[in-house]
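Here you get one chain, nothing else, as structure tokens; it is the form predicted on its own.
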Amino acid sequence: MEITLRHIAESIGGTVVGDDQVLIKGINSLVSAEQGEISFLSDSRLKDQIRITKASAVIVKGLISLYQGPQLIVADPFLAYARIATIFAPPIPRFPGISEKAIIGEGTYIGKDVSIYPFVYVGRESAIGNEVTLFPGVYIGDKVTVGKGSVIYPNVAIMSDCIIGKDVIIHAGTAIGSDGFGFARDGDVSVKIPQTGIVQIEDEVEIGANNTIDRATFGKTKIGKGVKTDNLIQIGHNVVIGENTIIVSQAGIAGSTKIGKSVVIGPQVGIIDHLVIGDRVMIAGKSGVVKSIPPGEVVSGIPTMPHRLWLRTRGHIRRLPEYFERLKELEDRVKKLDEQIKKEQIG
């Protein structure tokens, strides 16, 4: 597929400086781009790369004198890259119809134009919406709903009664609706608490590979519209995550915590149970969250504190050996002064 730079500009609301009829067949990095491809500059530190790029056009925030070819001027080059990459991305491969090697349970509704690969299992009384794609090894339990246009990649397990919205993407190896970690202690023995709730994932959510999203003890674990999770995320029972929140790899959220809208949770963050994280909070990587956070805060550290305070604190940590030696020296000096004062008082 080849399209003109002008057509690309019109589709994303950009302005072309130079030849807007140049044909573009793909998008690539500044270093790897070839003739016929468009590239982008979103980081001023990469300006040197624009001198050597072979791209037929570049996406920039403002006109760049270092590049002599056509330039597509946009407010946010990285966002423009994301939208243009979607134009050139290859379509998701789809099995034609329903494989004879798939197992479809009794009473299950299958919509139009579905793609169900071999070795998919769909339980009884489930509902698979129009244009859904189920890759090999997908397990869908009884009474599960999967909304229109959703894509479920290989070896995903969606347990009974869970609800998946429209245009949801769930990557390989994820488990949705496994039992929450609920036990009562009887002396040294752990007594299992039945987990009778569900998981509900709303529209336009994307779940990374090997996520685990536990069903609620009762009620629902809920993932709001537009949420994006990276790989290796743990979401405990009865957690509620607000719309458009982003959760980066290896983060873990314990049961019954409520995450607000448009929150950003960095990699390897741990959040304990029954907290409330306000809207638009940002939590830096490797933070340990042990208390609720008001809306709009930026926090980091173990335990978390305001990010600027953590930066100052972290700087002092490296100097603790020096502080210790200085403190020891000061203690020795104070001790000598005390002894001198006592001698003078006696004398």
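The first residue of the sequence shown is number 1, and the count goes up from there. Being a predicted model, the structure only gives us computed values, none of them experimental.
Missing here is the form predicted together with another copy of the chain; even so, the following discussion is about that form.
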item: Complete contact of Y117, V156 and R318 with another copy of the chain in the predicted bound form (any heavy atom, 4.5 Å); value: yes
item: Option touching another copy of the chain, based on a heavy atom within 4.5 Å in the predicted bound form, out of T145, S262, T108, S256; value: S262
item: Position in contact with another copy of the chain when the complex is considered in the predicted bound form, options I169, V276, A127, I98, heavy atoms within 4.5 Å; value: I169
item: Non-hydrogen atom contact K47 with another copy of the chain in the predicted bound form at 4.5 angstroms; value: no
item: Contact flag, G62 vs another copy of the chain in the predicted bound form, heavy atom cut 4.5 Å; value: no
item: Interface membership of A75, another copy of the chain in the predicted bound form, 4.5 Å heavy atom rule; value: no
item: Distance check, S56 to another copy of the chain in the predicted bound form, heavy atom within 4.5 Å; value: no
item: Residues of stretch 232 to 247 in contact with another copy of the chain in the predicted bound form (4.5 Å, non-hydrogen atom); value: L232, I233, Q234, N244, I246, I247
